[in-house]
Every structure is written in structure tokens, then in C-alpha cells.
Ligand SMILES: C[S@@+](CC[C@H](N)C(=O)[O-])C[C@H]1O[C@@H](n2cnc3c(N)ncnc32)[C@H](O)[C@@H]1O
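To begin, one chain is listed below as C-alpha cells, in the form predicted alone.
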Amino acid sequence: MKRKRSSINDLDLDRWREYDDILTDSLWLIPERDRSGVHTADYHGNFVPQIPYQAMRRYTKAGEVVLDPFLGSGTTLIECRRLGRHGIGLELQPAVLKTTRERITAEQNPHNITTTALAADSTCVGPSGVKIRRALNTIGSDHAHLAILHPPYHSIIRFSDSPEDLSNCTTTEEFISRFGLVVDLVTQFLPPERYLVLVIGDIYEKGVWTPLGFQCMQQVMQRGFSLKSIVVKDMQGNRAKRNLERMWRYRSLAGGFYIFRHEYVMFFRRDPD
């Protein structure tokens, strides 16, 4: 008897042995980032393309819509063009957005899908929601099918001088509260039983490890999402620690802490109404 096809992806489970490219374990050891096409690592803090690739393969079908409220250098929308998913991304910094639009446009578009990079503050739920709605109307959809969130890890990297930038929040509490507004924004465009993916790491400041990832996780779950999985992804290629292995080892031994080697990829499903 033929197995039931999934309602949220294009995988044929009768051919499950053929999907060697799809990860199913909760530990992701990715030796190096995908640098093919227009992907680049020159934007400090962008995530590896393999993350949106895995998310789209598991939780979308061809022709569906992916929403990214922290667009950055455009990694998610580049993968959208490759995989045949429409993409909508929001970016706060005008200079970054200009370069990102050029980069995304330079990627081939064999599936003739629409990728829209918007100038918007993802914490401004009302105005940014209007922009997303217009972009969805252009695509011919009234909702997204997957949201991928890769916010700043609070103050680890300062991305701009803008007070609206989450990396400039003065306290962790402020960061968490404003991150919750971003979840509010994307939730209004995700139907029940669709997925939200959060890529986040913890922070270590003033001798204290702050579980930023789990605090952000709570913000998502408080808004009607159930946690499906937590993936731990290695960060062996972290630019901040590259070529500084001995110094960080000394600091760890002297300070009584362990060196960050991971970040979290959290998968949530919106609860049924």
C-alpha cells in the first residue's frame, strides 16, 4: 500500500532511502558553509545556507511562501530561488538591504518564483504587517507557509547604530520583549499546523551564561506554538574564534567556563485553532 504523502512537503516516503541530503538527527555537524552560487560569508553573523535548505525541504512544498523577518545578507531568499519557494524578507538597514537585493537578484531563478526584500522593522507589527500583506498579494497568497527567524544573539555582534536594531537592546529583558514582537508579526501570517524555525545561540557576559535561546523559545511557545525539535548545530567555523583557539582555551581554564561550540535550531508548529 502506498504511504500517505505529507501535507507540508514534497517528500515521497516510499522513496525515503533516497533522501541522503536531508538531516534527521538532532546534532548537526556541518563541516563548512555552502559557498556555491552567490552565497557569501562576508556578512558577519549570517547563518549557513544549509539551515534554510533543511527547513524548506522538510516543511514546505514547491511554490509555497517562506517568511524571514531578519533577512541580513539574503541567505534564506537565495535558497528560495534555488528550491522554488517564494520568499519575503525584512531588513532594517538600508545599506545592507541594497547589497542584499543585488545579491539575491544575481542568483539564478530557474523556477520563476518571487523573492521580495522589504525595508522594514520586524518589531513594528502593524506597519511591517501591511508590507508583508502587500508582498503576499503580489505572489497570490494570503499567508506564508514557513517562517525562519535568525535574530541577533543580543549584543554579541552589533549590526548597526540604530536603536531599533535588536543587537542594541540595553538589557536581555528588552531584547526578549522585542523579539516577542517579531514573533507576533510572523504569527499572523502562519496558519495552524505550519512551522516556525528559530536559529539562536546563548550569550556569556560578565561571567554568567545567559540561556538566550531558551528564553526566546518561551516567547514562541507563549504565542501558540508547540516545540517539535531542538537541533544542536556545531559552530566550529565561528569567525570570532577562528585562529584564536589557544587564547580561548586559556580563557576557559582561567574563567571556569566552557567555550561556545554550538547554536540551536528550534522547530515549532503552530497549534490548531
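All residue numbers refer to positions in the sequence shown, first residue = 1. Because the structure is a prediction, the values reported are computed rather than measured.
Just so it is clear, the following notes concern the form predicted in complex with this ligand, a form of the same protein that is not shown.
- Contact with this ligand in the predicted bound form, judged as any non-hydrogen atom within 4.5 angstroms, is confined among 106-114, 119-127, 79-87, 134-142 to 119-127.
- Checked against this ligand in the predicted bound form, the residues Q93, T187, T99, S155 give one hit for a heavy atom within 4.5 Å, which is Q93.
- Although the partner is absent from this view, G180 stays clear of this ligand in the predicted bound form, with no non-hydrogen atom inside 4.5 angstroms.
- Heavy atoms of D202 never reach within 4.5 Å of this ligand in the predicted bound form, leaving it off the interface.
- This ligand is not shown here, but in the predicted bound form it comes within 4.5 Å of a heavy atom of F70.
- Contact annotation: Y53 falls outside 4.5 Å of this ligand in the predicted bound form, judged by heavy atom distances.
- Residues of 151-165 that come within 4.5 Å of this ligand in the predicted bound form, judged by any heavy atom, are P151, P152, F159, E164, D165 in sequence order.
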